[in-house]
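The chain that follows stands alone, in the form predicted alone, written as structure tokens.
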Amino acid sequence: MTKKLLLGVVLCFMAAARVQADEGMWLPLLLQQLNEPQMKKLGMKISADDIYSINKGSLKDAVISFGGGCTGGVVSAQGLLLTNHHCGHGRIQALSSPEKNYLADGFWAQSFNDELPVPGLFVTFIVRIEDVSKAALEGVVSNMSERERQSIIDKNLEAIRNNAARESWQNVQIRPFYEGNQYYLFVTETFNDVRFVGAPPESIGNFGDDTDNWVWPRHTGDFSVFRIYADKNNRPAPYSADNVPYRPRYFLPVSLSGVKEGDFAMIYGFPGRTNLYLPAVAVDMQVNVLNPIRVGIRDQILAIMGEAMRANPEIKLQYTAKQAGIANAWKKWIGETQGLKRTNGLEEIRRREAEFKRRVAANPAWNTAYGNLLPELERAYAELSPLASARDYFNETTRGIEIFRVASFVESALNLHDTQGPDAAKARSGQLIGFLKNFYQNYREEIDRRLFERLMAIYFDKVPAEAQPEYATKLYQSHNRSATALTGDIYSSTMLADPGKALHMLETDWDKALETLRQDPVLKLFRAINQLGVEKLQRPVSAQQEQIAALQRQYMAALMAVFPERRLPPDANATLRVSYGQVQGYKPRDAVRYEPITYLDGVMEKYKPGDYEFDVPEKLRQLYANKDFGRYVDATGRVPVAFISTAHTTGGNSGSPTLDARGNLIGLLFDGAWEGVISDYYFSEEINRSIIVDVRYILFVMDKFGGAGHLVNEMKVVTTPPSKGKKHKA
């Protein structure tokens, strides 16, 4: 390599490291090799071995996957854990009733005996991580078909699982990385006895609700408290009154010292999914074609639910979890579209692709191997885009109708009856009846009628005619193509919208009930729509995506080969990761700069009496008026509520412990700033910000508001001042 070329490579690496200083969600196993010097430069005072070790208790032993979709952190020697309020929300709702409404009123267990079992809730620890890429890819050669390749890999993975060293109560997971170019093994421990310990009322834990979701500045006390229980040998066990609080290998010290702008902040959790290496054509389709379809349909769903929730407190309790789940993705999709424009992200991705093409064209071997990849991807996405658009119209309309969920479960029972016989179906009767009992607890026919009317009109207007079944189109035409008339007829004749009737029939005469339900108008309509939608839309989209996945894997391998000087973080895939950055404000638009920390003062500024998003409990207002803050203040005498970091995060990171330079807990991640949510596809240090509830606000609410000082006393509270690294330019 010539000196001139070598200098160019070094300068390129330095530029990439500077621009992407905080980008990426990194495997803790590889921090020492890839990240530790950069983390030290940003201010970290501990070592990579303190973050991940299999030879001693380390930070990884205090980080859990909460319920399979969120993260949490263990904060005491007795298995106490903190996660977000929105992560525990559905569990808290299930434990609530009009008489004991833990969502509205909050809850604080005063002793172990008061802690409430949560059926179905589990938490998972990572015991160790291993690179098994060589064994996983053994026997794979470049000229194989995709089916041959995957068959060999599947056999290899099965052998790796069977031979992995683990205890009898531990499990093994193997996940692909870099689009299947690498594989890592995770040995895990899952605990199924997890109990609800405490949470503030929604007026604190969900303060700001939809209006503030994905928005900075934020003032939400988004936390809840649970405890892990184990058997007397400290091993996972099903719920039992004989179980005892779990004794972790390590738990997180909790810092009262807080943060200042420029401080190092590390986030440890289980991020769900990113797609950082998609070509520009794919990002353009996702953000500018598909997102507007989904947003437009959910606009209407949320309007119907929101109107009913505001008018009736009982409906609000029933629909709050459903509404939050729909709104979360809806608002993120809006932010992605805006963020892509704000950052000129597509132009930057295209610039990187131009550099890729330049390097490939200059190298004959690369040109032979990689020269056609981007044109092939562009062709494949051009074919996918109209199919995916139609698929999304089909998915969003049919999934938004609640009674179709019931029809889907009934259809499964009928399919089992028809393929495996009446006995096989009857063996699953308890599952269907249990689902229906839970479903009907939070179902209102009057709301579902409005959803059906609105969404069926969209379905018949937007889904391609060839994907609409003849049964449905004739039914629609027989009602003069009036969604209103169709709705009235369907809901007046279905049994599935009548909880008492459907359940009574299934519980008293299962076989007769199935045959009766087979002719139900909702079921007949759903089966016709769903079967053709799967055949004409979902399957063709899946087939096209399989072709794209093979091309994307090759493109990922090409990027790693063509840009050897770059540290390319692996995409998130719900495995344990570390991301890091600094506490830093940002400029969302011209002449506006956001400070990095919010305070209790801001809660009071947003206070709107009686408003379900911005009401403030009287006790919290009284504590504020009296300045009764205890030790949970910063140097200015104010109670911090939340702060932001440049660390790269995504869905699944909710509840992730946020740690200072010495590994002490300083907060829980709960959101991302709207301007930067495009970071699932394109990371911009300029505007990407992760939002974290300050642990001092958590402790203040627990102790001074909730009267649960005994939980604070259970933690190891420290006051070591955080260390600062070199401050980013803002």
Ligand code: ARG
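Start at 1 with the first residue shown and count on from there. This is a predicted model, so every value here is computed, not measured.
Note that the form predicted together with this ligand isn't included here; everything after this is about it.
At least one heavy atom of Trp214 is located within 4.5 Å of this ligand in the predicted complex. Using a 4.5 angstroms limit between non-hydrogen atoms, Asp210 touches this ligand in the predicted complex. In the predicted complex, this ligand stays beyond 4.5 Å of every heavy atom belonging to Val289. For the chain shown alone, Asn206 is a contact residue for this ligand in the predicted complex, at least one non-hydrogen atom being within 4.5 angstroms. A heavy atom within 4.5 Å of this ligand in the predicted complex is found for exactly one of Ala557, Ala324, Ile129, Leu623: Ala324. Residue-level contacts in the predicted complex: of Thr343, Thr487, Asn328, Asn275, one residue has a heavy atom within 4.5 Å of this ligand, and it is Asn328. Residue heavy atoms within 4.5 Å of this ligand in the predicted complex occur in exactly one stretch of 25-33, 43-51, 670-678, 60-68, and that stretch is 670-678. Residues of 630-658 that come within 4.5 Å of this ligand in the predicted complex, judged by any heavy atom, reduce to Ser654 alone.
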